[in-house]
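Given next, in structure tokens, is a single chain: the form predicted on its own.
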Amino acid sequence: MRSLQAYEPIVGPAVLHQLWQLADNLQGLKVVHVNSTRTGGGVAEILSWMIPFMNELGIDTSWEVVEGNAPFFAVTKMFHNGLQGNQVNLLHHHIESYEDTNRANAEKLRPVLEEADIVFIHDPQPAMLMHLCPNRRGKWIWRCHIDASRPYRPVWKYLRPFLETYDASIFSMSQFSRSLPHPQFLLAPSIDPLSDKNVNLPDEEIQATYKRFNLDPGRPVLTQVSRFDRFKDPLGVILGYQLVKKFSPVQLVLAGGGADDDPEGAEVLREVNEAAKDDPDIHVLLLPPDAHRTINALQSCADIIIQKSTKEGFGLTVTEGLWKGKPVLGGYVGGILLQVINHHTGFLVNSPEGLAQRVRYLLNHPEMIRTMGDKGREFVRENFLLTRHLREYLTLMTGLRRGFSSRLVVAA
């Protein structure tokens, strides 16, 4: 694992000095993060760098993962969909599976969780754990990575009693916050600019990627990298591409993988393959969880990055695309609004027709592709790199130890 010092050429020495200053009062603090998977999805990616860097800063930080069976992950996927507004049929056996699995995990994790000074619980999968640790001595924070702005009421009604007793909660933007009787913090996610997924690649590796996936470097490439999830709207991306192809010889890459806690991915992938099967210029790629450098190369090959989500907690693939100097066409939803500044770093779209219109505009104005790409990379440098994310976590932990009186706090 690289040291924080490696980021000085990107963010400057003052940024790193501030991190060490903030961490000075947190030396030896015992911190635990809990989520539902070590691979797949943005939460796992963030924790994979956050844990070692917190330890480097002198904070005793560990990462625990709840274990579950297929019924458990089926119901937590229902919670995820319900928090993002979908109607789901939550039955007694679903609740039973969720609660039994959390009890089993509590038996295993209780010693480390009850001894921690601060516990971060990520998303709904392990949300019940706090109720199962009666002898806890530290502060517990629920970190919601989901667009919970308009949750399906029965799902929220069930989860809220577990969440309201936390000491604080974190959302990615103010629109996602819920009515809870404790301080709430706004922290946007971030990327690691030196990871395999985001480091600058040599040109020969990018050229090899064209050949590996049978892409024509002489024709524009549109790329969406996402889990195969209906909220990412891959079928809508295909429709938009088909409209563009009537006028321009474009190629489409839909690349993604699965996650241990997402049982719907296989069915969505089947639907995508069915929609794409007759077109040799649609490249549907199911990638392994560790294909970070491949994703980097595919995004680097792209002329335009797409993230046509219909719901999106944040969208790290948007950040990744902007960091690679590409304009991003994103859905007019959630955390994408924090990143795609309309007409500056990309375009916001609501439909396949709108997507097609913006793609055609950019292809007819190549100077805009370059200008938006330059703006996007600098926007990420200033706002969405891991050093900013670490700073806000350190600020939050300092504040929790000293006490906050306000209900909604923006970490700075």
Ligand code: UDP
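Just so we're clear, the structure is a prediction, and the values are computed from it rather than from any experiment. For every residue, the number given is its place in the sequence shown, counted from 1.
The form predicted in complex with the ligand is left out here; the points below concern that form.
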Just one of 132 to 140, 218 to 226, 99 to 107, 148 to 156 has residues with a heavy atom within 4.5 Å of the ligand in the predicted bound form, so point it out.
218 to 226
With the partner omitted here, the residue among G257, G82, P124, G331 that in the predicted bound form has a heavy atom within 4.5 Å of the ligand is G257
Could you spot which one of A275, I295, L269, L201 gets a heavy atom to within 4.5 Å of the ligand in the predicted bound form?
I295
Though only this chain appears here, would E64 touch the ligand in the predicted bound form if you measure heavy atom gaps against 4.5 Å?
no
Contact of L316 with the ligand in the predicted bound form (heavy atom, 4.5 Å)
yes
Can you tell me if G42 lies within 4.5 angstroms of the ligand in the predicted bound form, counting non-hydrogen atoms only?
yes
Quick one: is D233 in contact with the ligand in the predicted bound form, heavy atoms, 4.5 Å cut-off?
no
If you look in the predicted bound form, which residues in 235 to 254 sit within 4.5 Å of the ligand (heavy atoms)?
none
